[in-house]
Structures are given as C-alpha cells and as structure tokens.
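Next up is one chain by itself, shown in structure tokens, the form predicted on its own.
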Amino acid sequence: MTKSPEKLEGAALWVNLRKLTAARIGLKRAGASLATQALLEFQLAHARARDAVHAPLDIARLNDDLAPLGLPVVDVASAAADKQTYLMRPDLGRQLAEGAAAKLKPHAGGYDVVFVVSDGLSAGAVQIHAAPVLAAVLSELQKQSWRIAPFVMARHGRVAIGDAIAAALGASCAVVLIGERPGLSAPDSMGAYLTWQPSAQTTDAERNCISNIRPDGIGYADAAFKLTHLLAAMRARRLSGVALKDLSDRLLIGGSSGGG
C-alpha cells in the first residue's frame, strides 16, 4: 500500500526534527505499541543508565589524568562505605568518613578555591569529563593568581561533602564536580556546584550549578568559561547561590556582561 503524500511529508518532518535533539520523538509504532527497534533502543538506554549508577570510579586512572595539571591529589571518602549505602543514605554521602579530615589537615592553607571530584550517580561522567574541564579552568585561574588547593577526590560523595572539605583545607570557594543522575539519553552528564564560604549551615540555595557538562551538552570550553566567570563573580561579590545570577551566557554569545 502506497503512503499518501501527507504521511510521507510527516515522516520527513520527524526525521529532520530528530536531528536536532536526542529526545525520543515521533517514534514508530506497531499498532498500540512501540515498534521493536524503538523499544530495544529504549531498553538499552535504560540499562546503560542503571549501569552508570553502579559503575565504580577508577581512582588510579583519574589520578593519572590529573597529574599533568601539577597539583597534588588527596583521596578521601564519604561516610557511605559502599555504593548501596550511598544510594540509600544520602546524608552519609554529605559527610566525610572517619579519618578523612585528618588526611586533609596536612594540606590546609589559605586557598581561594578547592576543586572536589566525586563519582556521585555517574562515575563515568567525572572519569571522562573532569580532567579536561579542570585543565581549562586552572589555566585561566592561574593567570589571575588564584590560590588553588590540592584536588580532592571524594568517593561516594554528595554535593555537600565539598563544604566539609573546603572547611578542612581553609578554602574560600568549593567547586564540586560530580556525576549527575543518568538520563535515558545522557548516562555520562557531569555537574559543577559552586559555593562561596561553605559551612555546615550552607543550604542548596547558596550554591550555583552548571549542569549537563559533556560534549553533547555544555562542552568543556564553555563549561570552563562559565566556571571561571562565576568564580570571579563569587569572589568579587562575596556570595553565591540564588543571589548571584549567571550571566556568562551573554558573554558566550558576544553580548554585554552587565551586573550579576
């Protein structure tokens, strides 16, 4: 049976729209159900997302990737002893494990910023994206004479673990690079959470977030630009979170910066 011109035109429209997004749109159907290929692709994406949550962080490999950046790396853990505990007890992922503060103490000093790398909900995200983003950010911050603390790798950490780490090291700002919750089109998305003068009383409203850092989302160069722009604004205004607006997109597209 030959398809009508209207149906052919509609099919071509969906083909063009799919080129613009990774979202599942205009999927083929077989009666009331999805076509077999679309269903299998969905099941594969779901399996990859589940695998991303449970995959371990390769500490040794990440150490090797960070070594060329020239800063020491301190490996600590959260109070969540394993991945299962981490998933079931978010509160433990926000706390340092026993002995972690003592491990950080020899590195304490007066720093402008500390960068914390944590596996979060997608170890693969930070495994792939953390080093290239940090390389670009450090290059710019070092030109501006920022005092940068040793890198800290925090296994099984939540975003708030950066508060305790910054306090232990004496850093004014904490930047936590963490694997985000995997999606069905992005199992390797990394987030960056920035906090000015974090403490045990810090709330999520006092943080700025750059989400979806990956080549198919916010690329490394753009993520590094946004990070350095926000850090400079945090230090200048001595605040972060909802009171500090991210106007870096205006600069990325060539507009005026304005106040934040």
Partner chain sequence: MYRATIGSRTYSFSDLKTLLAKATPLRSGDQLAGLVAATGEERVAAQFALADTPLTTFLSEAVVPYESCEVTRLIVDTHDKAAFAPVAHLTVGGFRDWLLADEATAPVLAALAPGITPEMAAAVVKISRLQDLMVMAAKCSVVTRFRNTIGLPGRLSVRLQPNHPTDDARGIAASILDGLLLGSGDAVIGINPATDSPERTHALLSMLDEIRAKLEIPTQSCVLAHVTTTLELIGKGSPVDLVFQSIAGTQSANKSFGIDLALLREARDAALALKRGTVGDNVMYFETGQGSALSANAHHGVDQQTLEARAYAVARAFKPLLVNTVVGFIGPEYLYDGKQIARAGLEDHFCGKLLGLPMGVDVCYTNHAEADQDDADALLALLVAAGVTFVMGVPGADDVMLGYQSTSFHDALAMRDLYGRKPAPEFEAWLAKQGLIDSANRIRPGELPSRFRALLPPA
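Basically, rigid core = biggest C-alpha set you can superpose within 1.5 Å across the two forms. What you see is a predicted model, and the numbers here were worked out from it, not measured in a lab. Numbering follows the first chain given and starts at 1.
Keep in mind that the form predicted in complex with its partner chain is not shown, yet the notes after this line are about it.
>> Quick check on this chain: which one of A233, L66, A49, A55 has a heavy atom within 4.5 Å of its partner chain in the predicted bound form?
In response: When its partner chain is considered in the predicted bound form, the option within 4.5 Å is A49.
> Pick from 100 to 108, 133 to 141, 148 to 156, 82 to 90: which stretch has non-hydrogen atoms within 4.5 Å of its partner chain in the predicted bound form?
Replying inline: In the other structure, the partner sits against 82 to 90.
>> Would you classify G219 as touching its partner chain in the predicted bound form, given a 4.5 Å non-hydrogen atom cut-off?
In response: It does not: once its partner chain is placed as it appears in the predicted bound form, G219 has no heavy atom within 4.5 Å of it.
>> Taking any heavy atom pair closer than or equal to 4.5 Å as contact, tell me whether P72 reaches its partner chain in the predicted bound form.
In response: Result no; P72 lies far from its partner chain in the predicted bound form.
> Using heavy atoms and a 4.5 Å limit, would one call G179 a contact residue for its partner chain in the predicted bound form?
Replying inline: Residue-level check for G179: no, no contact with its partner chain.
> Can L40 be called a contact residue for its partner chain in the predicted bound form at 4.5 Å between heavy atoms?
Replying inline: Outside the cut-off, so no.
>> I want to check K19: does it shift between the shown form and the other one by 2 Å or more at the Cα, with the core superposed?
In response: Comparing forms between the shown form and the other one, the K19 CA shifts at least 2 Å.
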